[in-house]
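Quick setup: the structure tokens below cover two forms of a single protein chain, split into structure 1 and structure 2.
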Structure 1
């Protein structure tokens, strides 16, 4: 059963023009970034904050989220969320509306990866990835949409954004990484469908499909990072060091480097500033993926 959001819809309607004063391209826009305690989410949050947004660092790791919010400054706030839990998602959105008066941008970024060959892959790992990357995406965006639809009623000229961090693995398959790729393809199906439905409320819904964030913790963590794992697993033929593995992945990219949070943040800003685009899946891959 859905969580009743009537009270927070009313608050959001009342406060539709009540935003914190700030300067920048996203001045005063109330923005949740899920999974923002580290990695891409953290970097995206930092860039959007610089552009004047009010930033909610929503993450399962509350202590880390709090330290990120403290680093950012007074327009940032941390909140605990488990995106795979419906009540937790509803509570996240309700608390943000209670504190800041509404919600303008939802960046649904939280995601996890479990990879491996199909014959060895455990159902629990498949369920884990699906619960966060796919079902969690639905739950995150459901409660954002509930508030944004109400805000539309208060001001039919206002525009809102739901922006989903999919992946280049949402645009083409990923070898021995099917649970992840399937969830990321699925995300684009959700985005296209929501874009059709929510256009009536001036809510744009777009996906961003970044390439590998080679400098981020997922890849570069010295103990559990994918460079170390791939080196140990012999996934890159002839690689003898972590640097060899890194160069192998960089060489796949025409622009010859990994994706950075600023690259993704620029795409987020494009989605917000562009008033005539919805339902897109935007590659940010240095040319590694080229759309037909």
Structure 2
């Protein structure tokens, strides 16, 4: 299935220079952040909003997304999306174009984790991670690219950005966390390939590879959080409590703390502001991962 975006391509071309007036480094740039109702996505959205961007909080949890948008202000808007569903992704992009007139930045942040040893891992969990982190990334970026290519036709000097929130687990393997790591390695392969293809349309495609957001819900949720998952999976030798797991991961980082949303947002800002890098996977790990 492929959704016909002709109507919204025309709207985007017509409105390429029609943006909301705002101040800041991203003044008026129309930006979608998927998975932005909480965690890294919310933090990224908050920081980009401060810099003048128009922010679309796109998330499966619409009430929570609406709450975040209301907190941000009049340049923020919430929309429901299931990134693993093609029609939902197309509808998200179409509605954003209809409301704001185009799309300048896609931050593909939505992601999930299921961990455990290979012998006990269920196919349904592997499929779930793949559907969101890999297939969902493809669908999200496909429809963003369709609009951005049309805008390039209207103004060949304009530049656009697709920024994928990958992970340090996209740069090196992760013990008993193979479904997640595999999807994040795959994401970087998509980023590099799209960067080659979309450079012709002035669309930069880069990945951010954050370290562990130890204070975020992905880690700290008392039922499904990674501290609990890793403790139950026996991923940390000798760990008896979630605090043992936390201290284990903090000790891996030379700067001795987890990654924060502001750290990731600064990397996103770099991706947008620079004009000469595409296809990159940028570590934001406090020195835990050092590229050769």
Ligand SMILES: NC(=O)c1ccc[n+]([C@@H]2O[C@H](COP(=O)([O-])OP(=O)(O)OC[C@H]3O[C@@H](n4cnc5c(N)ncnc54)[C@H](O)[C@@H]3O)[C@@H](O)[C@H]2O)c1
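Numbering follows the first chain given and starts at 1. Only a predicted model underlies this, so the values are computations on that prediction, with no experimental measurement involved. Think of the rigid core as the biggest set of C-alphas that the two forms share within 1.5 Å after superposition.
- Of the two copies shown, the first one, structure 1, is the form predicted in complex with this ligand.
- For the two-part rigid motion between the two structures, residue 12 is grouped with residue 47, each C-alpha going to the part with the better superposition fit.
- A two-part rigid motion is described between the two structures, in which the smaller part turns by 16 degrees against the larger.
- When the rigid core is fitted, residue 236 shows a C-alpha shift of 3.5 Å between the two structures.
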